[in-house]
Ligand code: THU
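Just one chain follows, in the form predicted alone, and it is written as structure tokens.
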Amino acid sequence: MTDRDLIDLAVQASKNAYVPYSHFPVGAALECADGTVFTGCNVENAALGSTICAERTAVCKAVSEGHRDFIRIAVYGDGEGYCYPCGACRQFLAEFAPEIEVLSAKSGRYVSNKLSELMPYTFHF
């Protein structure tokens, strides 16, 4: 799967977002080592702490299906800047794949970083 294919899946996932408060849909597509891809979108809630980001939605779907070996994630949001995972999502991803490749995308463009570059000091027991 190409970077563009993975980003396209993230764009499609963003269309399912439930965002009545921020009005900022985000989609994610998480690729596993075996080629399986799980998508997610952000789902907001009036109790804002209960909101879940697209990245964590994709990870939870993957883990609930028995997948834990993640190699890449594409994150898409149609904003002015590239859509990077928030700090909570970075830590969540680091639990499973501290060296995962993160494709941060916006309107037709993207950048690639290792998660360890975006969050060099993750929390581990």
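Just so it is clear, the structure is predicted and the values come from calculations on it, not from any experiment. All residue numbers refer to positions in the sequence shown, first residue = 1.
FYI, the form predicted in complex with this ligand isn't displayed, but the following is about it.
Asker: Since the partner isn't included here, can you check whether this ligand sits close to all of T51, A54 and Y84 in the predicted complex (heavy atom within 4.5 Å for each)?
Answerer: Every listed residue reaches this ligand in the predicted complex, so yes.
Asker: So if I measure heavy atom distances to this ligand in the predicted complex, which of the stretches 20-28, 5-13, 113-121, 97-105 falls within 4.5 Å?
Answerer: Result of the contact check: 20-28.
Asker: Taking this ligand as it sits in the predicted complex, is C89 in contact with it (heavy atom to heavy atom, 4.5 Å or less)?
Answerer: Because a heavy atom of C89 falls inside 4.5 Å of this ligand in the predicted complex, the answer is yes.
Asker: Taking this ligand as it sits in the predicted complex, which residues of 32-48 have a non-hydrogen atom within 4.5 Å of it? Please list them.
Answerer: N42, E44, in sequence order.
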